[in-house]
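The chain that follows stands alone, in the form predicted on its own, written as structure tokens.
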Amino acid sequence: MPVPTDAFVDHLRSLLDDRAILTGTDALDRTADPRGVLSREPVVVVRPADVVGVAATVAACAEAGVAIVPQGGNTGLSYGTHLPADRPAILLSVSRLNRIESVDPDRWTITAQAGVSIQAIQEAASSVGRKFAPDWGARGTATVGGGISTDAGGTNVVRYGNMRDNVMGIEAVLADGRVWDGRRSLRKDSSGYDLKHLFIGGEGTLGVVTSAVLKLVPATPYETSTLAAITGLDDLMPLLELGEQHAPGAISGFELIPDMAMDRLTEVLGIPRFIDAGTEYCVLVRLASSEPVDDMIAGFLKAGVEAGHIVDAVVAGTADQEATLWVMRDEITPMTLWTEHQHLGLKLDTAVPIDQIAEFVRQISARSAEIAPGALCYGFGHVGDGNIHMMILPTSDEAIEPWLAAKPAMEAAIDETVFGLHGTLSAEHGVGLLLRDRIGPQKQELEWEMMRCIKRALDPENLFNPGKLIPDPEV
């Protein structure tokens, strides 16, 4: 892999402060992905301290023809920050852009730099009686910039939407080093193209987001969750409808939890088994409101039992129980439960229309049993927005070889199933390199060409994160 010259790195050092440039082992340590995989290639990590430093870095890279791969909290799962193999590149980390610039409860906004963690935003909002709604398991590490780049979702999407729905404006450095300040707090503005949406979900391919104005919502001091054992996947949509009927506007999370994963959580983490009804699936439902929600939960559960959808249920009675239920949800991934072999598996970030969730899980499970009978297959995730994370992986050394032989056929079966149900391979984790060459059939070629036109217009030299997100038209 080509690397920037020593002379170019020295030039960057002359533009930035002493802490800005990392090379050698210090730089490699910044490339470990959530699976613990380190880059084995030489890498230069550049960490500007402010937007001026980002602009200077981008301008220098543009002049020298050095590509820029932006990096947030490095929690991505789609290889979106891998360096290109065919040209010199730097990894531009926003880790030092970590300042909350303003908290404005009267405007219901927070303005923060791109390197601020999602958890820090949540805590700042809470300190003024407000709430920042987007939330997911990596909240302590994931950053504002990273969340914007992938249009991240999480467990509150059913009520509050993806990151896109919670960003009011952004500041970004463009390919020639100019800074576009589009940080507005307007709730309504019909003055033309809403350019921020080009960067939200753009995976750093159009520019470097350096700051954003984020939307706040009313605090929900009354939050209670219930874990309910259901008779089967066909209960999901009727239960979601019952939830909206008995708790209109109060459901913030509605998650599918497989029974077998709860067994594993007890074994690995010692999390208590809250419910053991002998069913294959449970749903974890959170109600959040400015008013007590106990009666709404009771009404929802009563209706679910009477309709034959719910077999048994438990309601969190304390704050500790509430927190433990959601730790269970956060830690249900193979990276926690099947650590040794998780890096070999398939971790789907798919979404389908919500009425197709049951069919999707059944089809993927059936194809896995047919193509890779020795692999473990289970699904969990966001029922309210159709984003079910299916996991397929070997769980023993003996299963590795047959699994690796079956993996390409399994990927093809997944793509066929997802596209056949009019779904997407990328719901909230991004396309990156992982899905770039598989996602083409999801859209008309005209739509991809429109995206290529935007890329050429804003980044004519393909400076930003080259090779990511948009499939090659020849593939």
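Because the structure is a prediction, the values reported are computed rather than measured. When you see a residue number, it is the position in the sequence shown, counting from 1.
The same protein has a further form, the form predicted together with a small molecule, not shown here; the description that follows concerns it.
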Segment that reaches the small molecule in the model of the complex - one of 421 to 429, 403 to 411, 446 to 454, 44 to 52, heavy atoms within 4.5 Å: 421 to 429
Contacting member of Arg286, Lys215, Arg329, Lys196, with respect to the small molecule in the model of the complex [4.5 Å, heavy atom]: Arg329
Listed residue (Thr333, Gln356, Thr279, Thr395) with a non-hydrogen atom within 4.5 angstroms of the small molecule in the model of the complex: Thr333
Exercise: Phe380 in contact with the small molecule in the model of the complex, heavy atom 4.5 Å: yes
Contact label in the model of the complex: Met391 to the small molecule, heavy atom within 4.5 Å: yes
is_contact(Val179, the small molecule) in the model of the complex, heavy atom dist at most 4.5 Å: no
The small molecule contact in the model of the complex: Leu337, any heavy atom under 4.5 Å: no
